[in-house]
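Here's a solo chain for you in structure tokens, the form predicted alone.
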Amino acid sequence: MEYLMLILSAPLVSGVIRKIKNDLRMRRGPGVFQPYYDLAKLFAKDEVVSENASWVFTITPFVVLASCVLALLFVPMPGAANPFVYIGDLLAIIFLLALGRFFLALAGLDTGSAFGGMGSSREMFISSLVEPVIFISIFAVCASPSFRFSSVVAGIALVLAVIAETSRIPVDNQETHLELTMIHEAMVLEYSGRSLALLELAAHIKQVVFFSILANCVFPVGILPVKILIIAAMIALVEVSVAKMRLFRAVDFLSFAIVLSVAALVISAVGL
């Protein structure tokens, strides 16, 4: 039941981030429940599928959603009886999400769209830099029996990786469709109707998965939903404080995250 509530509340986290950003910018904006209205509207619409699309394009929304839901089931939650927690680990979550990313990149290439191919290329480029940060940061945190200075450094690196992985500013911008800046949005431009709704729901769940990993690794004490909302507020504050960077500047951003994660692992090895 706890996992079901977390899945159902995943769009609410995105709504909270959007609401906090609008309040900080002194804008009225939509309410926190707007993502639910958007999903309902998309589920009610018909789909338009390109004549060049293959079966990969058709099954990708289901694969992406299934991978995100299954990854969420591997996230430890206090008080929830879940057999998946005992047969997997945090690394399994990254591999499951990578499966969804692989199919989404293929779907972006499948229709022959220039934007889709561009988005797929950018997504794989960013993920090749993000995944090492997540792996090394998790190793650094797990290597420490208690909360140490290395956990703080690993947490900062993990925050930078989560910002990139959830398509947040300064690496990506979910609120734009400009071809020079979009990464994730470029891969889903050809989708519409129910398929687009499934992909949007999967993106909300993926965001909750990474927020949960960050909450469990960096803040091991506390109620998970409360920690997720705190992280959402922090992400919103970051987004209104910095500007979208150029794509190739993202290499410097994620390279700094890699250096931090390696430093956290070294600091943990020396016992700090």
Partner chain sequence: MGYLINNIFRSSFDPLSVFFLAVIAVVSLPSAVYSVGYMKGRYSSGKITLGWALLILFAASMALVVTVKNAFSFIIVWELMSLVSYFLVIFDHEHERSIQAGTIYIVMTHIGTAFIITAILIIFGHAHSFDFAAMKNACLFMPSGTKNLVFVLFLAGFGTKAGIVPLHVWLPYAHPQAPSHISSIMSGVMIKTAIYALIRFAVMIVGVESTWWGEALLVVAAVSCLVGVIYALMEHDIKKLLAYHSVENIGIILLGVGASVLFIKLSMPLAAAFAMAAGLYHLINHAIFKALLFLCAGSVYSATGKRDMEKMGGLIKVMPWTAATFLVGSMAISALPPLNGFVSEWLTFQAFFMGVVSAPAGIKIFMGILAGVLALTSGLAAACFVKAFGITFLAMPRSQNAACAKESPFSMKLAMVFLAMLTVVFGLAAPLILKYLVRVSGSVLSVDTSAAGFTLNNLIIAPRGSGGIYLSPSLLALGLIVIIGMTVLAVYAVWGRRRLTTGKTWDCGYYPAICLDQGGIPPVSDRGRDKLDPRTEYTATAFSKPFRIAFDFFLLPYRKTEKIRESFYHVKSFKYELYTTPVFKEYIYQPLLRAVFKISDSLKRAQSGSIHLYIAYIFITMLALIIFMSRF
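None of these values were measured; they are calculated from a predicted model. Numbering follows the first chain given and starts at 1.
Below, we refer to the form predicted in complex with the partner chain, which is not included among the displayed structures.
Though the partner is left out of this view, Thr166 does not reach within 4.5 Å of the partner chain in the predicted bound form, counting heavy atoms only. Though the partner is left out of this view, Ser67 does reach within 4.5 Å of the partner chain in the predicted bound form, counting heavy atoms only. Within 4.5 Å of any heavy atom of the partner chain in the predicted bound form lies no heavy atom of Phe149.
Under a 4.5 angstroms non-hydrogen atom cutoff, the partner chain in the predicted bound form has Asn52 among its neighbouring residues.
Of the candidates Leu96, Ile183, Ile156, Met77, Leu96 is the one whose heavy atoms come within 4.5 Å of the partner chain in the predicted bound form; the others do not. Between the partner chain and the residues Val56, Val240, Met245, Ile230, the one pair within 4.5 Å by heavy atoms in the predicted bound form involves Val56. The stretch in contact with the partner chain in the predicted bound form, judged by heavy atoms within 4.5 Å, is 38-46, chosen from 211-219, 232-240, 38-46, 22-30. Along 189-211, residues Leu189, Glu190, Arg194, Ser195, Leu198 each place a heavy atom within 4.5 Å of the partner chain in the predicted bound form.
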